[in-house]
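In structure tokens, the next block holds one chain alone, the form predicted alone.
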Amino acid sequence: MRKFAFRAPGRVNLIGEHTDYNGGFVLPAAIDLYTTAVAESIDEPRLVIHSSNFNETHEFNIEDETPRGDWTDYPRGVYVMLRRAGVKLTGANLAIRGDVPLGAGLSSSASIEVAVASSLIALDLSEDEKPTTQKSLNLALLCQKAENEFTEARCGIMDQFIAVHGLVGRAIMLDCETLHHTPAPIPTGLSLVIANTMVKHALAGGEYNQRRSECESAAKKLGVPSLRHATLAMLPTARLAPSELRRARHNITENTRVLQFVEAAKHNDLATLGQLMAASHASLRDDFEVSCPELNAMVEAAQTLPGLIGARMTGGGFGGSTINLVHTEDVPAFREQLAAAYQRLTSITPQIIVTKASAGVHACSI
């Protein structure tokens, strides 16, 4: 039996939220929290999936392509899409473990998908081929397709892309329409501090898909292929519903903020970085309406703390995490004081994670 292991990272998005499925710009970084998937070939037509995190094992016939509506849909969706794409898979044992917090807006789902896909692809190699990391757009696109079609989450390409292509010490500026991407600097002396609110509101899944539908409807009424091509000048005369107007305005202004953020980072303009992050959070809160009281409390609690450059929600919203850019020497005090302030405001103990931009998917020891 052949056996291979790959690990894929979670991600944090510095700026550019809900723009990826509208063909816009995003600025994610892979983080040093990973999902590891170990795939072993077996001579039986079954897929056996074990999760250390859930302490569960489930078995499926490989011809069964019916989603179950639980965590197994993420690895199974990848398995189904690989077989449809012509990867010669028979049976397999999959063992999955990870330290990307679930439901925290850090893309644990994409890290599972990319790790599983990479380990399963390695099983398809001939005996004399050495498994290599599948750093290709096709891998990211296949994993996105699995999430869109098998779990019915209409996500854009950002999460799977950064799980494949993440770079140590760099964010990546991604054009989600053309998939052109360039490394983007994170100013020296700054740390990425993720603050997990420990809240995930139940309406997130349906609301996410609703936001995407509203964006598509707005683009159609504006006569553009996606909101990437809309401008603020188009909005006053467009016959948009109030919610469509707000969604369009967020996307237009957020795309501009991503481009400005990259330029400010190149010039070490920390004040502008902070202003752009604040404007992004306000737009997500008021125009895109995907924030929540806990996210707002976390952002507000950070404002007067030592070392803060900027804070905003990150990820799909309705709970999850904020991203804070903080002077590295101030991180210990910032971390302690943010946790205490948030707990005072909400009576919830948060999870504060200090992370760094890290590598994308790669082979690892079993």
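Here the structure is a predicted model, which means the values were calculated and not measured. Numbering starts at 1 and runs along the sequence shown.
Beyond what is shown, the protein has a form predicted together with alpha-D-galactopyranose; the following relates to that form.
Is residue 82 close enough to touch alpha-D-galactopyranose in the model of the complex, meaning at least one heavy atom pair within 4.5 Å?
-> It does not: once alpha-D-galactopyranose is placed as it appears in the model of the complex, residue 82 has no heavy atom within 4.5 Å of it.
Indicate whether residue 307 is a 4.5 Å heavy atom neighbour of alpha-D-galactopyranose in the model of the complex.
-> So residue 307 does not count as contacting alpha-D-galactopyranose.
Using a 4.5 Å heavy atom cut-off, state whether residue 315 contacts alpha-D-galactopyranose in the model of the complex.
-> Contact with alpha-D-galactopyranose, yes.
Distance check, residue 150 to alpha-D-galactopyranose in the model of the complex, heavy atom within 4.5 Å | Residue-level check for residue 150: no, no contact with alpha-D-galactopyranose.
Within 4.5 Å of alpha-D-galactopyranose in the model of the complex, counting heavy atoms only, one of 155 to 163, 234 to 242, 214 to 222, 190 to 198 shows up; tell me which.
-> Correct option: 155 to 163.
Contacts with alpha-D-galactopyranose in the model of the complex - residues in 14 to 29 whose heavy atoms fall within 4.5 Å | Counting only heavy atoms within 4.5 Å of alpha-D-galactopyranose in the model of the complex, the contacting residues of 14 to 29 are 16, 17, 18, 20, 21.
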